[in-house]
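A single chain comes next, written as structure tokens; it is the form predicted alone.
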């Protein structure tokens, strides 16, 4: 099982590598849409990457409420505990 810190690090890696977001812009409080400038297509791509890395199926409706980096970490943390 991964810790929240490991999930955060994994998420940061995806955001930097796949979406070319500056590492220093990524904080737990950062909004995916306002601060990190992701759009709905990016969000779908992010879900696919997270599914590949976790091996867990992520339901799109579970991700609809996700707004910040911390929300993503919480969602992945919850999935990993199932």
Partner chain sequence: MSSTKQTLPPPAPKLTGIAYIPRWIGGVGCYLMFGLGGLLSSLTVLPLLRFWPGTYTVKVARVQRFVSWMFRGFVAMLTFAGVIKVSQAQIKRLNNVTGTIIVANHPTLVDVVVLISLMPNVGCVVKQTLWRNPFIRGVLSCAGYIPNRGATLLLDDCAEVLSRGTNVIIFPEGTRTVAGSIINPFARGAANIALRTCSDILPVILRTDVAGLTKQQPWYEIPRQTINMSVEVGDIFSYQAYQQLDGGDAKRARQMTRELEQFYKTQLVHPIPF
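Quick caveat: nothing in here was measured; it's all calculated off a predicted structure. Residue numbers count along the first chain shown, from 1.
Keep in mind that the form predicted together with its partner chain is not shown, yet the notes after this line are about it.
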Residue 35 within 4.5 Å of its partner chain in the model of the complex, heavy atoms = no
Non-hydrogen atom contact residue 29 with its partner chain in the model of the complex at 4.5 angstroms = no
inquiry  = How about residue 44 - does it come within 4.5 Å of its partner chain in the model of the complex, if we only consider non-hydrogen atoms?
reply    = yes
inquiry  = Would you classify residue 63 as touching its partner chain in the model of the complex, given a 4.5 Å non-hydrogen atom cut-off?
reply    = no
remark   = The listed residue (18, 9, 71, 25) that reaches within 4.5 Å of its partner chain in the model of the complex by any heavy atom is 18
